[in-house]
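Consider the single chain below, provided in structure tokens and representing the form predicted on its own.
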Amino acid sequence: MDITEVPVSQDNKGKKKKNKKAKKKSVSQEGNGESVGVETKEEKMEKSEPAFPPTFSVSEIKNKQRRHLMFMKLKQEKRKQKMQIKKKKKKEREALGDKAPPKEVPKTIENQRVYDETTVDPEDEEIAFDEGTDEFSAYFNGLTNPKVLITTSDRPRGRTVRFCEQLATVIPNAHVYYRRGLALKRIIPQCVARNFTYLIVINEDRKVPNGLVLCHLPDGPTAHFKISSVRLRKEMKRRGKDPTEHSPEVILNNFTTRLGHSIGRQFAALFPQDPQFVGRQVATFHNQRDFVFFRFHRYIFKNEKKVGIQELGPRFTLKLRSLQKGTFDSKFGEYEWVLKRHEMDACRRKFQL
């Protein structure tokens, strides 16, 4: 009896290949005839955006390059979702017109600030009485004119000296003197004898200004600040010409507590009360999160609605370290307020100024 062998596997393979070719042909025919968007699995994988599981963490990836790539993709995907939601809300607002709900105010550290009991009320009689009897009352009543002495720590470097000279051009009636190794306790009586109302000491560390002592004469108080982000005029881009000798206007912004109110009055007493508007110069002390930003600008009115400003410099940032009663006394001085970082900076939404 004869037995013939039939190659079963080859026939099956041939049938599978034919079926695959037939499927591809049918897909192409449907796409040409009816223009139905049918895509293969490979095209879908290419066009599909990276979908991450909800419990996915980029930090679990050990490869640094792969981790960075996945992080950028995740960031891009979140940005796209945010833009889509924004466009959707904008269309809804346009469709509703006047009936659209008001825009949501974004949450910031400033508007989520913890309420401080010492917040100043301008109409409070107690505060008005304190202002009439404090150390700055003679200045605000017009009895004294500011006269400022600016000096440095021992053996100042070039950058600190230039900063003092530029600060003297900002504050009217300011004089720069070298320290010459004298102690502040000996300098203060000499300043009082020569009718100076302020003593400013610029300290430095590693050739960079890092501290500022602001002493009001003759009765104090004395404030000690940490100074940072100092930029001189030559280091600033698009700066204007050097300031003129006109008395500038002063803007004190966001000094709301009792401590901030006294610090703001101390800054205000540095400048004359009658600004010369011809010079069009403004000195700004802006308090934000207990950092006091100083800027010096010149402005010009382009028309009734537009104003152009030009920064003149220098610029710097102050952080209050302590407020001492009376003039400077490192040993027996009585402190009104001292910064305790671990206690006061524990809550990010609580501010002192």
Partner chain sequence: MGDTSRLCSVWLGSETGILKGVSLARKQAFNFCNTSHLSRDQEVRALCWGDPAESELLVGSVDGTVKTFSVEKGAFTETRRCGDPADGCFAGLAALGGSSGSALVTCADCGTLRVWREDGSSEPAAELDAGKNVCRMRPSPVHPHKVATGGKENGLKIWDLERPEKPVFAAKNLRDDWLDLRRPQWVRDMAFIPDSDKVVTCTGYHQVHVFDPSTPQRRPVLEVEYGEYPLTALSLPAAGNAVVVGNTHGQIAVLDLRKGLVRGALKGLAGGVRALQCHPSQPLVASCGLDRFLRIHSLEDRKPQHKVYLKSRLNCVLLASRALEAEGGVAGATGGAQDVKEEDDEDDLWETMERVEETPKRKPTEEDEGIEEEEEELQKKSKKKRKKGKD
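Numbering follows the first chain given and starts at 1. These numbers were taken from a predicted model, which means no experiment stands behind them. We call the rigid core the largest set of C-alpha positions that still match within 1.5 Å between the two forms.
Unshown form predicted together with the partner chain; subsequent notes refer to it.
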Residue stretch of 91 to 99, 111 to 119, 148 to 156, 210 to 218 approaching the partner chain in the predicted bound form, non-hydrogen atom distance within 4.5 Å | 111 to 119
Which one of Leu232, Ala138, Ile127, Val282 is close to the partner chain in the predicted bound form, taking close to mean a heavy atom within 4.5 Å?
-> Ile127
Counting only non-hydrogen atoms and a 4.5 angstroms cut-off, does Arg179 reach the partner chain in the predicted bound form?
-> no
Proximity of Gln76 to the partner chain in the predicted bound form, heavy atoms at 4.5 Å = no
Does at least one non-hydrogen atom of Arg258 fall within 4.5 angstroms of the partner chain in the predicted bound form?
-> yes
Contact label in the predicted bound form: Arg341 to the partner chain, heavy atom within 4.5 Å | no
Scan 319 to 343 and note down the residues that get a heavy atom within 4.5 Å of the partner chain in the predicted bound form; none is a fine answer too.
-> Lys325, Ser330, Lys331, Phe332, Gly333, Glu334, Tyr335, Glu336, Trp337, Val338, Lys340
Note yes or no: does the Cα of Glu343 move by 2 Å or more between the shown form and the other one after the core is superposed?
-> yes
